[in-house]
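Take a look at this one chain, the form predicted alone, written out in structure tokens.
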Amino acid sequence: MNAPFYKFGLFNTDVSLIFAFIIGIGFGFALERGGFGSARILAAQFYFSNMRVLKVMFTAIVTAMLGLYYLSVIGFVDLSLIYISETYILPQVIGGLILGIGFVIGGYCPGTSVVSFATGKLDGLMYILGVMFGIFIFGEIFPFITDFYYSTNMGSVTLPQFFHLSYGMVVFLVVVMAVGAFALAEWSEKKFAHRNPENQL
């Protein structure tokens, strides 16, 4: 077994932060090149007229999933050593809904707002300021919502564990779901092309 490299002591915390910085820069560059620094392109997702976000994100998920799965099959990666955050289902569902509402209103998620600002867009800056203000408010009210924040803890659960399926079966089902989602995305882009903000410029 060779990976995760950090868990096997191939480098220390300081070096891991350098790698994280480099990977973060690369991720941001890829997002910008994919058009994710434009609120128009991101918002078109909610009009079903430009499904680039779904395609890119699903492609990233499937690529990472297949890579990790087959690397574990050949014994290169120990999946049990990969860090998985704990699931607090109710507060995370509500948090996801709040994030989704903010995404619809502003046209960005926190990551893409940084990408937008890095390319000089003022709406990206305003979104970042809104995120910072939200973090401040959350910090102020956290003592009053601590019990709810840590409620419905499911531990570090994965899909194979939750559905009592093998990793291979879950990988297969996610790939099938991705192929179906891509086909549906292609259909919706043709069906709702007249709603695409890019076509109205």
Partner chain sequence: MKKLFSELDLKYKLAIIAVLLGVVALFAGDPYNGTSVKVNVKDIALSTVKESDKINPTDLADWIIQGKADYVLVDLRTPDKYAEYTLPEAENIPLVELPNSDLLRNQKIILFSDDEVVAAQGWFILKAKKYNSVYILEGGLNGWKDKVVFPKVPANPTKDELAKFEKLRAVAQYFGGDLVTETSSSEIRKEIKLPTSTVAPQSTQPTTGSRKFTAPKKKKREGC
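What you see is a predicted model; the values in this text were computed from it and never measured. Residue numbers count along the first chain shown, from 1.
The discussion below concerns the form predicted in complex with its partner chain, not included here.
Q: Is Gly34 close enough to its partner chain in the predicted complex to count, meaning some heavy atom within 4.5 Å?
A: No - in the predicted complex, heavy atoms of Gly34 and its partner chain never come within 4.5 Å of each other.
Q: Consider Met154 of the chain shown here, and say whether it contacts its partner chain in the predicted complex, taking contact as heavy atoms within 4.5 Å.
A: Flag for Met154 set to no.
Q: Give a yes or no for Val114: in the predicted complex, does one of its heavy atoms lie within 4.5 Å of a heavy atom belonging to its partner chain?
A: Close contact is absent here: in the predicted complex, Val114 is far from its partner chain, nothing within 4.5 Å, heavy atoms only.
Q: Any chance Met169 has a heavy atom within 4.5 Å of its partner chain in the predicted complex?
A: Met169: contacts its partner chain in the predicted complex.
Q: Answer with one of Phe27, Phe162, Phe46, Tyr150: the residue that has a non-hydrogen atom within 4.5 Å of its partner chain in the predicted complex.
A: Only one option qualifies, and that one is Tyr150.
Q: Given that its partner chain is left out here, which of Leu99, Ala118, Leu81, Met126 has a heavy atom within 4.5 Å of it in the predicted complex?
A: Spelling it out, the residue with a heavy atom inside the cut-off is Leu81.
Q: Does its partner chain come within 4.5 Å of a heavy atom in each of Ile41, Asn50 and Phe103 in the predicted complex?
A: Contact check failed for every one of Ile41, Asn50 and Phe103.
Q: At 4.5 Å between heavy atoms, only one of the stretches 90 to 98, 73 to 81, 126 to 134, 105 to 113 reaches its partner chain in the predicted complex; which one is it?
A: That would be stretch 73 to 81.
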